[in-house]
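Next up is one chain by itself, shown in structure tokens, the form predicted on its own.
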Amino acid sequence: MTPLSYLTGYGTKAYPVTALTWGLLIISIVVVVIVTGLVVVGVITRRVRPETPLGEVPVDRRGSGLGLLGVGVGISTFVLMISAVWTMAVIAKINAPPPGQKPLVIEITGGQWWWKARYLNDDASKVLTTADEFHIPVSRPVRIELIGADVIHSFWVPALAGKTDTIPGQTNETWLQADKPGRYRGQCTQYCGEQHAHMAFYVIAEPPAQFEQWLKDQLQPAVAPTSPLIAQDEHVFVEHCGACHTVRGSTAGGSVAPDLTHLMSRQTLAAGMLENTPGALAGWIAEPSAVKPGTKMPDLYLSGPQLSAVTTYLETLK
């Protein structure tokens, strides 16, 4: 798993950003070293000698120092202009559509506090909806269309691209491209409420053939219950969760919460907060407000048998 690193890029749109980050970091270090050195030299050469009486500290009037001040201002202005031009060039570069291949297009909606993704396609039967984990093919450009569902969020995968805000009422565009397979962490970087820090996601880059197989599998509806007991579990799920969640192939058709059709194929729950294990899943369903205070997912106060039925049914959604 690639950590949330912003000092190493793994894609065409990230390389200019990481180069700029390193450049500005080096410039900042040089400035700190120069300023510190000047202060140290000043302290050593202009310090008051011990034999000087208190209240009689001499004032050094050897020149005005305006010449040196002008040199310092000139160098600083030049460096700031170079940094500004470099920054604008990087912004233009990462926002420019890449030439070559037809891009994969994903519409991503940021909402408190999870990410909804729709893989767009001219063929409506191939439009896929999922959440919090986005698969992409290696070496193929991906156009991300960003929408804000409630407040302003910011979509950022530092290893693959710069960050772009999701703003309610408008669609922003950014680009991703991974040059190496991997699991890249992303994060909302615009404070958006109580659970802002727990609004993560993952971009999983894989070879094209593997991605196509994943997409084909995800487009399939959920497997039908294989026994009367599982069918009863599905009924309990639909009764308590179906108004908010969708499971394709069942009568659960809600649209305000993540699509759960292939929930168990994901590695995390609650926008990257929990590992997707049976225990974590049951705990999340039992009392989501205790796990993630402020979450829009309500406490359903399920009985023990009801919680077991819902969890058991969800574990079949692979």
Partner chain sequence: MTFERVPATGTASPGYLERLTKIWETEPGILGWFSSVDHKEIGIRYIFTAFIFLALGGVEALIMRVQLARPDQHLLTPEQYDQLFSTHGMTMIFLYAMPILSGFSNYLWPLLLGARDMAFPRVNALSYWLFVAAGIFMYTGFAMGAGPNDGWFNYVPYANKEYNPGLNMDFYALGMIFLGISTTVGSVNFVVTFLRLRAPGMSINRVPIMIWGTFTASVANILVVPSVSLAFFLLWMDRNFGTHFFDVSAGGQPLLWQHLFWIFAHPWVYAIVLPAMGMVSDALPVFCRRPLVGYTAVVLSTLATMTLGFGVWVHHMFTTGLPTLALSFFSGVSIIIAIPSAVAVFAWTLTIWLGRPVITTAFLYFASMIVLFVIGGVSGFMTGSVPVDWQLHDTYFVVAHIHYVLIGINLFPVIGGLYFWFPKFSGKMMNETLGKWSFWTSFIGFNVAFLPMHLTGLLGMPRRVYTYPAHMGWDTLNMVTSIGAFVFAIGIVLTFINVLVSLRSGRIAGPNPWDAPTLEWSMSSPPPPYNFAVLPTVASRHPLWEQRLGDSHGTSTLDEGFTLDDKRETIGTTALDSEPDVILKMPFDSPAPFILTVGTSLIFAGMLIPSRLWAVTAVGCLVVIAAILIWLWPERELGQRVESSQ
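Keep in mind that this is a model prediction, so the values were computed, not measured. Positions refer to the first chain, counted from 1.
Below: the form predicted together with the partner chain, not depicted.
From the list 136-144, 212-220, 235-243, 92-100, the contact stretch for the partner chain in the model of the complex under a 4.5 Å heavy atom rule is 92-100.
The three marked residues, T77, Y191 and E194, each reach the partner chain in the model of the complex, with a heavy atom inside 4.5 Å. Comment: the partner chain is not present in this chain, but in the model of the complex one of V35, A280, M264, V256 has a heavy atom within 4.5 Å of it, namely V35.
Using a 4.5 Å cutoff between non-hydrogen atoms, L24 counts as a contact of the partner chain in the model of the complex. Interface residue remark: D179 is not counted as part of the site for the partner chain in the model of the complex, having no heavy atom within 4.5 Å. Proximity of D165 to the partner chain in the model of the complex falls within the 4.5 Å heavy atom cutoff.
Within 4.5 Å of some heavy atom of the partner chain in the model of the complex lies at least one heavy atom of S83.
Taking a 4.5 Å heavy atom cutoff to the partner chain in the model of the complex, the contacting residues in 31-47 are V31, V32, V35, T36, L38, V39, V41, G42, V43, T45, R46, R47.
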